[in-house]
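Okay, here we've got a single chain as structure tokens, the form predicted on its own, with questions on binding and movement later.
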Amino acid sequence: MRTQVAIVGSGPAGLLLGHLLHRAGIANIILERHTAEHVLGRIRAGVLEQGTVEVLDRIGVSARLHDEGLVHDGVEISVQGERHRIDFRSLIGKTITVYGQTELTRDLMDARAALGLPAVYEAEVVSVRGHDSGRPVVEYRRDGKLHELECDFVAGCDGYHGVSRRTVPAARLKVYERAYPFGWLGLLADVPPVADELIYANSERGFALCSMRSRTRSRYYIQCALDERVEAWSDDRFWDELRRRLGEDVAGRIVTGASLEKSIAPLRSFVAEPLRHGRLFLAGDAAHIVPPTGAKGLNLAASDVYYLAEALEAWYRTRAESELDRYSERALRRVWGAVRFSWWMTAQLHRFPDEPEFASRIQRAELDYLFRSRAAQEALAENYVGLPY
């Protein structure tokens, strides 16, 4: 079997890349180790930058997003129960859209199927070879048999644990990483959100986030120790702790209910560069991870594959390597901007174990400056809604 671009991974990055390439007349096949149902069962974030929405508009996969997504003009930041609103629309004239990653993945899957574009599920990629020689081959196992997919290029969109990055010798990767000394305990429930916009809370007891997936489904988070166990947190204990980290007016409005899902996620920053290795390209979580505080993970995956699609389209049009050579630099410039912003948001909103009093006073001074300075609020708004592609 042969195609022009083999895409490893059918998450939003791989699916979006497939659509962008198809619109450019470039044949592609997606290989996914799991079933489609498994992919759709993943609980992920749901804040889309304006640029991500514009890309989805361009490829014609945004109708349901505009029908069901929630457009937010800003966010609220609560410090010791005192709330401050950052108004994106009035500050910079842009917005964000809340739309679950699962729903976006479903839309992209359905659109790909409607176009009759190939996607092979339950295909475990065993190896990627030949990418340095200019004749890539992706070997995968399906139904107990080994298969080979020959291609011009391989796009590794298979996440942090996928085979694509592991294909690259360690000596050729420069890895930057920071692990944070806490995690997020998240709860998903079919209850109405406590507010119309997201609330980020800094409290003496630790960070909390009030988010949502729709007008009837809420997602809440609280900062927790890395050695916490989900089993130790009953729904009642979670709701009680969440209330304690919010101001009385917000806490009194929370509607509780049985959890649909609870999980603990560690927070870390991770970047592996470069993103090009011969004819193998890394994109999305295969190349970088950011803390969820800045809502950047899905949006970085979208900008990665946007740049990659542009580079591949230029190569097929001219056979020049220049745009392929620029892919890593273009993508990483935006990645590092998001890493910086996510680090800043994390540093300002969380309680760090054994933090000296000086550091906590600097944190409070930083937040005081943010609430008093329009320029500081514009900088937050510009980064949160997404820097230009």
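For every residue, the number given is its place in the sequence shown, counted from 1. Worth saying up front: this structure is predicted, and the values here are computed from it rather than measured.
Below, we turn to the form predicted together with a small molecule, even though it does not appear here.
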Exercise. Would Thr167 sit within 4.5 Å of the small molecule in the predicted bound form, counting heavy atoms only?
Worked result: no
Exercise. Looking in the predicted bound form, any heavy atom of Val339 within 4.5 Å of the small molecule?
Worked result: no
For this session: Verify the contact flag for His131: yes if a non-hydrogen atom of it lies within 4.5 Å of a non-hydrogen atom of the small molecule in the predicted bound form, no if not.
Result: no
Exercise. Leu21 near the small molecule in the predicted bound form, any heavy atom under 4.5 Å?
Worked result: no
Exercise. With the partner removed from view, which of 274 to 282, 155 to 163, 309 to 317, 170 to 178 is the stretch that lies within 4.5 Å of the small molecule in the predicted bound form, judged by heavy atom distances?
Worked result: 155 to 163
Problem set entry | Listed residue that, although the small molecule is not shown, lies within 4.5 Å of it in the predicted bound form (heavy atoms), from Val191, Val250, Leu117, Ala123 | Ala123
Problem set entry | Contacting member of Arg364, His66, Arg42, Arg351, with respect to the small molecule in the predicted bound form [4.5 Å, heavy atom] | Arg42
Problem set entry | Heavy atom distance at most 4.5 Å to the small molecule in the predicted bound form, all of Val8, Gly46 and Pro292 | yes
